[in-house]
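Just one chain follows, in the form predicted on its own, and it is written as structure tokens.
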């Protein structure tokens, strides 16, 4: 059984009569990357502030590695690192100097602090910039330094709140790949808050869809897609050298296939399940050469549209 390191029970937060978080129940397992996905204003940052003990809930409870975020906030902060969308550093100091300062604030000093800072700057790809003042760093470089800053105290958990805003596409991919590698290599639990689907899908083990303070769905992306679209037809396309009526008739006999048509050398097949192995076998058996075979796979974009299409929630 997976071991939960973050346990949220009936978490509620009201602001001046408005409910920002509505009875949130969620467990995040040790070592996994969990994506909290939702539009801006959904309440994601409010949840993060309560997780870190920076805001007190109206109701419910949060346990981080067994510590209560409300009554034991200092213990929670000691094992948790937080990277917001805007990272601030002393701009007249170098990247290395900023890291050494953070290390001292966390009780790490001397040789250990210097070695740790040097190692982290290397890991996040800032070795060549460590002696440059952070005032001239790009947004992507500052986020990388922010990640090193978070990791200097060796946290069990890191929380990232919209961490890639303002970074160019290449920098985003490199940053996300780095997060993924750090999580897997060091066993760090990651909570990634974002409104950007492709970023969440790229690195997260599980996802929670969050809107208007409520968790509408959560789980593994493939499992969620299978549950939602279990009886929905998928499109399978095959490029074949010799399409004959005999082949089409044979394909129609495969269980699950609802319709077979073709255009040029492409077969277009509608099926209620992925039957690509049986299709390939039939094509070869009928003397055809198979050049390409693909099927429509439902992912996070389709799941998101299912819940939010037209701005209507499908409860």
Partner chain sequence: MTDIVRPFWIMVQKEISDHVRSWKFIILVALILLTTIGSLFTVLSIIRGNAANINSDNTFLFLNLFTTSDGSLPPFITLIGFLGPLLGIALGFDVINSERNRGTLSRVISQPIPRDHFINSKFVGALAVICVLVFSLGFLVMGLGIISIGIPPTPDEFLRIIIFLLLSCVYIAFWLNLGIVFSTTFRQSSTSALSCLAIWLFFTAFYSMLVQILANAVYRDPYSIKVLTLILSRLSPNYLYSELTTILLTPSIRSLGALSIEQIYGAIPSSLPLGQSLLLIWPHITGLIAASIICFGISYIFFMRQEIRA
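Numbering follows the first chain given and starts at 1. All values derive from a computational prediction rather than experimental measurement.
Keep in mind that the form predicted together with the partner chain is missing from the display, and what follows is about it.
S.K.: Is the gap between residue 84 and the partner chain in the model of the complex 4.5 Å or less for some heavy atom pair?
M.R.: The answer is yes: residue 84 has a heavy atom within 4.5 Å of the partner chain.
S.K.: Considering non-hydrogen atoms and a 4.5 Å limit, does the partner chain approach residue 78 in the model of the complex?
M.R.: Flag for residue 78 set to yes.
S.K.: Decide whether residue 45 counts as a contact residue for the partner chain in the model of the complex under a heavy atom distance cut-off of 4.5 Å.
M.R.: Yes - in the model of the complex, heavy atoms of residue 45 and the partner chain come within 4.5 Å of each other.
S.K.: Would residue 282 show up as a contact with the partner chain in the model of the complex if we use heavy atoms at 4.5 Å?
M.R.: Residue 282 lies outside the contact set for the partner chain.
S.K.: Considering the partner chain in the model of the complex, find the one stretch among 194-202, 90-98, 174-182, 111-119 with heavy atoms no farther than 4.5 Å from it.
M.R.: Going through the listed ranges, the match is 90-98.
S.K.: Going by heavy atom distances of 4.5 angstroms or less, which of 244, 138, 106, 220 would be at the interface with the partner chain in the model of the complex?
M.R.: By the 4.5 Å criterion, the partner-contacting residue is 106.
S.K.: In the model of the complex, do 15, 49 and 153 all reach within 4.5 Å of the partner chain through at least one heavy atom apiece?
M.R.: Yes: each residue has a heavy atom within 4.5 Å of the partner.
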